[in-house]
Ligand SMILES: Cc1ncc(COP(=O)(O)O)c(C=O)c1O
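We begin with a single chain expressed as structure tokens, specifically the form predicted on its own.
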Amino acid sequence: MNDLFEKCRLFEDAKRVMAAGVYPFFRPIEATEGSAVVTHGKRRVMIGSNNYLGLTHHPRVREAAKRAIDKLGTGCTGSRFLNGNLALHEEIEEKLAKYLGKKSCLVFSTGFLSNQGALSCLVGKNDVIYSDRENHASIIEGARMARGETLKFRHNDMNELERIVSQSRARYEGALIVADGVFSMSGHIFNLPGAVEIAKKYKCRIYIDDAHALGVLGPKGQGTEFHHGLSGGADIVMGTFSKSFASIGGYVAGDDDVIHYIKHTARTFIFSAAMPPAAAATVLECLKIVEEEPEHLQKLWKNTQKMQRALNEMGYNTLGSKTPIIPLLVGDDMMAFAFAQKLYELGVFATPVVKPAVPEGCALIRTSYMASHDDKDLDCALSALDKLGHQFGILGNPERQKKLAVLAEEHFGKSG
């Protein structure tokens, strides 16, 4: 017999990175502003945040949160199913459903719990999930909790999806195609039109995780369906409030009967404490601002296009991203850690992404951009990225760039 904790003592991965002086995680943020943070006493330009619309410091949002605390206190102290259901939660559901073009909506306490709860209760033992290989960890966990089988298809590859569906669909009762709308590491947009064709042909339902698409894609930020001009293309849309909507919490939206079923059977909804009042009020105010102040979305895309153009011209492999998530393919894990550390020392905060979040040998520097960035901040980041790209042999090195291009095609597939 072994000691249960033996694996804890043997876990050396993070300790090795710490010993090398390049550990990039859990940096304590002492203060924040629209486009920068203060860490270890120094202001650093933030290009690693999901605060896409820059609303965390919007005066209206902060005032709404304060009013909610004054009226309702700091927490709900229970699940919505019992004593924690606020009028604010129901107002979000009503207004968000209308904004997304869905009949009904259900608000969870986090986005992770939304995926876990909805997928696990919808997919029964005789059903199947067809899951994109780059899907977020919360989808993976939701699929593991579901009693049905999960079959994976190559990232954004509709030919492989149809091949797998055509060969397996007859073995199952129900079928659900599940994918991120915007993939959080690559920044790719899911090929929803292709998935809709396959779903109709083989009687599948479609579930889209719009965590990184809400507030970003579509004319008014309504997400992946609206980006493709396919309102109603997905049967269920899930999302989170912890990114563009400057809060915490999650939701699923779809037809009345489906949402009613999830509401009364999803264990992560029934047995989790509800979103606190300030978080709920923040979401409502962000939704109003998104609809009333389109300049935030316009500025986000202006900044995104500037950075896409500049980074591609420098020679970085950005995996063909067409969203505010712009990954920089580095390759080696330790190089990514060292690169992020040097970037931090130059006053720029970004995050390295290594295995298992990406395939081995495909480490990234994940950069993402916000409406609140100004040109001075963006130019500061570009200057640091240009300097370090050459210093680490990522730029100006045709052989290395060719190798990275092969890795990108092999492991990350199509950008959509």
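Note that the structure is a prediction, hence the values are computed from the model and not measured. Residues carry their position along the shown sequence, with the first being 1.
Below, we turn to the form predicted in complex with the named molecule, even though it does not appear here.
A.B. asks: Can you pick out, from 238, 195, 283, 106, the residue that has a heavy atom within 4.5 Å of the named molecule in the predicted bound form?
C.D. replies: Among 238, 195, 283, 106, a heavy atom within 4.5 Å of the named molecule in the predicted bound form occurs only for 238.
A.B. asks: Can you pick the one in 254, 276, 218, 111 that has a heavy atom within 4.5 Å of the named molecule in the predicted bound form?
C.D. replies: When the named molecule is considered in the predicted bound form, the option within 4.5 Å is 111.
A.B. asks: Is there a heavy atom of residue 212 no more than 4.5 Å from a heavy atom of the named molecule in the predicted bound form?
C.D. replies: Taking the distances in the predicted bound form, the answer for residue 212 is yes, it comes within 4.5 Å of the named molecule.
A.B. asks: Verify the contact flag for residue 148: yes if a non-hydrogen atom of it lies within 4.5 Å of a non-hydrogen atom of the named molecule in the predicted bound form, no if not.
C.D. replies: Looking in the predicted bound form, residue contacts with the named molecule do not include residue 148, since no heavy atom lies within 4.5 Å.
A.B. asks: Quick one: does residue 222 come within 4.5 Å of the named molecule in the predicted bound form, counting heavy atoms only?
C.D. replies: Judged by the heavy-atom cut-off of 4.5 Å, residue 222 is well away from the named molecule in the predicted bound form.
A.B. asks: Does any heavy atom of residue 115 come within 4.5 Å of a heavy atom of the named molecule in the predicted bound form?
C.D. replies: Yes, contact at 4.5 Å.
A.B. asks: Out of the stretches listed (241-249, 161-169, 293-301, 268-276), which one is close to the named molecule in the predicted bound form, meaning heavy atoms within 4.5 Å?
C.D. replies: Of the options given, it is 241-249.
A.B. asks: Taking only heavy atoms into account, state which residues of 128-146 are within 4.5 Å of the named molecule in the predicted bound form, ordered by sequence.
C.D. replies: Contacting residues: 136, 138.
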